[in-house]
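Below you will find one chain, with nothing else, as structure tokens; this is the form predicted on its own, and questions on how it binds or moves follow later.
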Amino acid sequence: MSVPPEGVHSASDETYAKIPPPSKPVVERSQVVIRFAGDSGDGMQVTGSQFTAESALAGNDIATLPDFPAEIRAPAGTIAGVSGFQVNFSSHDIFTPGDEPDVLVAMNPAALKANIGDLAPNGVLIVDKETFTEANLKRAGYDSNPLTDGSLAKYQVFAIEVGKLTTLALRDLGLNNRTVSRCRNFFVLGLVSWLYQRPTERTVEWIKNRFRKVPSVMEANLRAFRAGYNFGETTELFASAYKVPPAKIAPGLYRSITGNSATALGFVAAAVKSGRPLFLGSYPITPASDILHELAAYKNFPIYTFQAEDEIAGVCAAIGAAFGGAIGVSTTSGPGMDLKAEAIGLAVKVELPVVITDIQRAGPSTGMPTKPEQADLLMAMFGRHGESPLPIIAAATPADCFYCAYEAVRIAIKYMTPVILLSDGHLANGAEPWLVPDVSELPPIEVNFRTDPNGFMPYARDEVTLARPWAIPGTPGLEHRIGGLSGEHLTGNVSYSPSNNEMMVRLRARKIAGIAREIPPTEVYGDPAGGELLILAWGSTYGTVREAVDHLRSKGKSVSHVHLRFLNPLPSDLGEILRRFKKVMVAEMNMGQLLKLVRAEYLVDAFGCNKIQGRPFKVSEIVNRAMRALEE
């Protein structure tokens, strides 16, 4: 048996999971933002995810922003192929992954060039020195080496021979160069884990479980991780380590969760609480595919997944499942919504409970598939021919995706209508701590199938909700016509009567408008009685707007925040709230879609704060636009 190099241990050695007392001073910080960046094959998503898990175990509040290349496999070493992961961890409540990183880890010149503009002045820059070769510099578009030309003088630069040190740690394992190179990210993870005194047990266990079928690779990654940790402790490059104390959070069981994971679990909870099977019919599309992947794993619940041959087949299968008595769900992104439009119109007309989840991404067309945007709101509102309104719910945070998915199912069943659930790439891939709810406290989802044939009319309506009965095919005496042609009031039989058509259109619209009774009173964060400026927002802008409002209020500014979950129908008290404020600013990642709806509905002179860059708002951008409005 070979002897491990000095400073590292075998995979069976339990000291892997123990943190030795630091020999250097430890400086306390209240908050740190780190961005890991490298080529798409450098393992930055794994590195960031594991550092996030370590920070969660340390008790910090966290918020993350993964940043994937838009191309499946861009040329190695180019800016187009850079993958990043930003994590903000703190000893107090935070709402965003941070405006700018305090620490940037750049694994190659392209990662440096793509991200250096965001690094805070005097920020820490850790680079893999060995990758700054003439060929790599040219590929990234550099005319000179930034490590030696003085262009990085305003940062704390730590140029480390990551590849060489990783190779030394693994020198006796007999691995090929490619395998050794792929362990560099764990060396970096170990180094940054030491630098911020993260608990390493979670990462060690993850490596052991992830690579248990290939012991040599498991050993290599463990050695690289420990070598990076020990390098931070022993090198003279770093004079001190840092520590971010735990945040004060409510007691309970927490886990780190992404928006897509939360959405999947929300659907599972809805299926269990309603006592009905849930059928997901979907075609894979970025960034929605993870919901399909996750739901496919929940085979111990009444969950059925169908990977369709295209978007139209996916949503049509979900409509068929709803007709058969299941909860129909279809997940997609903007391009898929284009294709599903006609079938969604069918679901509106036949009034069946289907949830269509749109994880929005930058467009138009293929656009930037891995970047977030909020430009599908008007399509969700009006992107079907004919008058076909339906409820629209938008999640605000990754954890909120759970509750919005659950609520979308509840509304769909109670009102017998398709529901559109809006998320986006920022929420889908971002993560935050989630207080796991007590499922007994979730609102009930009541399913009442019609079984009595006496007096049955397929389009007779509940006096309160205006929902039609849910009749499962095959139930004796409940046979009825279903289809896209205009249907007669009560019977659903084909009817070309002009007055009947208008009656049915208006009935369905009244049903959707009546959902406003389900919306709780709108929360005004700040000055409920009114003030100088109200920032109205929806979706993933929540955290950024909330931090911006906190900052402005700390400066004595009269600024408040309303965040909408229901976008159709809008809350019944929203108009009255808007009129309490002298100015209303609508912040959204589009050219002003909610702004148009608000101005048209309430005749208020609102103005927009808009961004369409495939990147979330920065807090500073909201603050600056609000300050200009206050000063005008």
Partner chain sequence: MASALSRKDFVSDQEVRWCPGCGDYAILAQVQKLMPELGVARENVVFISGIGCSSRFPYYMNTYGFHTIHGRAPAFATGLKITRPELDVWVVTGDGDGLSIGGNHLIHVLRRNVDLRILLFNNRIYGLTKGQYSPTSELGKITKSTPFGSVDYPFNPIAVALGAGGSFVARSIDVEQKHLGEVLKRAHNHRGAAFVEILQNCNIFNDGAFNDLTDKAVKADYQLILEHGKPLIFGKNRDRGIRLNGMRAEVVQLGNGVREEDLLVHDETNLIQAFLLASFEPPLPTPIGVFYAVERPTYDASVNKQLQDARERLGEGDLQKLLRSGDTWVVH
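Please read all numbers here as calculations on a predicted model, not as lab measurements. Residue numbers count along the first chain shown, from 1.
What follows is about the form predicted in complex with the partner chain, which we do not show.
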property	result
Partner proximity in the model of the complex: Arg202 to the partner chain, non-hydrogen atom cutoff 4.5 Å	yes
Heavy atom of Leu253 within 4.5 Å of the partner chain in the model of the complex	yes
Contact of Asp527 with the partner chain in the model of the complex (heavy atom, 4.5 Å)	no
4.5 angstroms heavy atom contact with the partner chain in the model of the complex for Glu309	yes
One stretch from 598-606, 567-575, 585-593, 56-64 that, in the model of the complex, holds residues within 4.5 Å of the partner chain by heavy atom	56-64
Contact residue in the model of the complex, from Val447, Ile519, Ile482, Ala80 (heavy atom within 4.5 Å of the partner chain)	Ile482
Selected contact from Ala313, Val348, Leu173, Ala140, since only one has a non-hydrogen atom within 4.5 angstroms of the partner chain in the model of the complex	Ala313
4.5 Å heavy atom contact with the partner chain in the model of the complex for all of Val268, Ile319 and Leu352	yes
The partner chain in the model of the complex - contacting residues of 425-457, heavy atom within 4.5 Å	Pro433, Trp434, Val436, Pro437, Asp438, Val439
